[in-house]
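We've got the same protein chain twice here, in two forms, each standing alone as structure tokens: structure 1 and structure 2.
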Structure 1
């Protein structure tokens, strides 16, 4: 019995030189034409990128797609070009923002800047004196208090929305979505008006209260999705083994959704750590270090940036850039912690190799 010879190259691995040449031309010609138009006409580069290069690239890619796959290839090529262009555009914007922040913030970044306060610092004081130490403390205290109050409420809402059979779940979910669209300045105005009505003193406590409705929807919705992603079979298996509902939830469903719940908490913290308007309205500014969140003035990083960025003096502007860099580092640490804590821990067992005896 004879068999046909096996091809040396798989069909999907064969190279079509003609198509590769078409793709190369479709990529190079629009860029070349756009560069020539900018060079001879003096057209703005940003305008040429959107008004000349992108249309030419779409036409060239659609033509290559039509020659290769017919009408179906036109839509695919159009979509690929748009996705690559927009992704590159967003990446360039992100890199430019981070590069600008690092280059400008590095002028003020030092251990002195991280540890000292600004109690004897003016707009023209050298960067060798003063820093954001008091602002970092105030931000961590206010955000920490908000987190302590919000996390139990958000997780309780998520458990209610996923485990309860009540008819009011739709109303709770609708209210949560409505609160998520609340502007931060409105939350700050509401807490400030409430404090004026009741005669409360402006303090870090009011700032935490203003940040609470901004963090709560994020924690509740992300935690709800994390609980919904747990397979229902796990719950049924626990119930089949005789476990009551509460034990099935706490010992099976909750551990399975732990990484998603940690992500919900950290994303909620990242959501509020850079909010400025509520803190400007509810927390009075203090250039010294304050450890009392319930009374007195307190500085936060967003308020620090807002105050010094409006100055016309270069040292003050450098302080604002340095504080923005510190805030970005805090947010980066939060997202890094999210990736680290939400990473699933799987036991990797190496199979043992046994030699077969003949």
Structure 2
């Protein structure tokens, strides 16, 4: 193999050698220097991060910026270093959450843990017995019932916001967005008050009802966005063919927005699947498996985590982590599904655009 110099495809990307080494130094030196200071002086790492590394990095980057572009370069470098530093900080937090979930949750994770319920399990029972099976069933049933009721409602709201000519649309949209910030504990208290006033017993059903106001704004808003993405031309085309509005919606707009609407449902489910406070207030917990959502006790994953979280016993803490991992996997599955959907949609729409522009 010979190294014949390949002509550069991007001549503008060529940076001269001395500049390259400057950039290299500016990105490596502050970190090494900080590390050395920490190592030799025993300075606290956290302190070194903000007290030594960040200022050093800012100075180094500004210097390189100045050498390259003069005064303008200083501002550039300053902003870039700050933005990257703060963004990395968020990334570190996210990675820390996921990593601790996986590493801690893995200790409890097993088929037994997934399939068994928690009858005969005490705070100190080893992880060979008992699990979250009953909580998974409870969560799926309660969230499932909420979804069945909320999806048509949210979709109808989205229809109102996109298809009708009503004048109150703006107000409905604003209110929907305001409800999306409804504190989950208030949703729980609301259903609890309802039950107290009407003399209803606490049950899985009440939990489903408490989740509804939390899911509805998400479904309505995302569905509205999805319907809005359907070109208005298609609606006009359908109406010009003599379609009543509802047929134009169901036969033309709905199919065109399908993947976006499924995304709305998935995001709605993801929004409520981990909700804890409303369920604690409305659904009595249960260590056994219950298939009856309409009466009696029922366990859910969030309630399970909540119950074991504060325990001082290690097996219980591990159970909390394990259940959290299961919950996170459910969320990740929902999330992955929405990504897949949006990707398949963008793949499909590409050739259309090329054709149309011909």
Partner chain sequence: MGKLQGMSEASVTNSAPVRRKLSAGPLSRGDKWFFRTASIAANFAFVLVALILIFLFIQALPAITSQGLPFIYGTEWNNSKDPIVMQIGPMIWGSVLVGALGVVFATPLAISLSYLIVFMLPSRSAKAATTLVDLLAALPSVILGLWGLFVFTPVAAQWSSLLNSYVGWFPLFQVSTADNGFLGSPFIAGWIVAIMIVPIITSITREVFSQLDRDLINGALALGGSRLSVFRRVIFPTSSGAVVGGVLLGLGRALGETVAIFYVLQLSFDFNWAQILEPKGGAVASMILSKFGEASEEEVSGLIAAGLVLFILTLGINFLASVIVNRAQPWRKI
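Whichever C-alpha set is largest while still superposing within 1.5 Å between the two forms counts as the rigid core. Residue numbers count along the first chain shown, from 1. Keep in mind that what you see is a predicted model, and the values were worked out from it rather than measured.
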Looking at both, which one would you say is the form predicted alone? 1
Whole-degree rotation of one rigid part against the other between structure 1 and structure 2: 16
Please state the CA displacement of residue 85 between structure 1 and structure 2 in angstrom, with both forms fitted on the core. 2.8
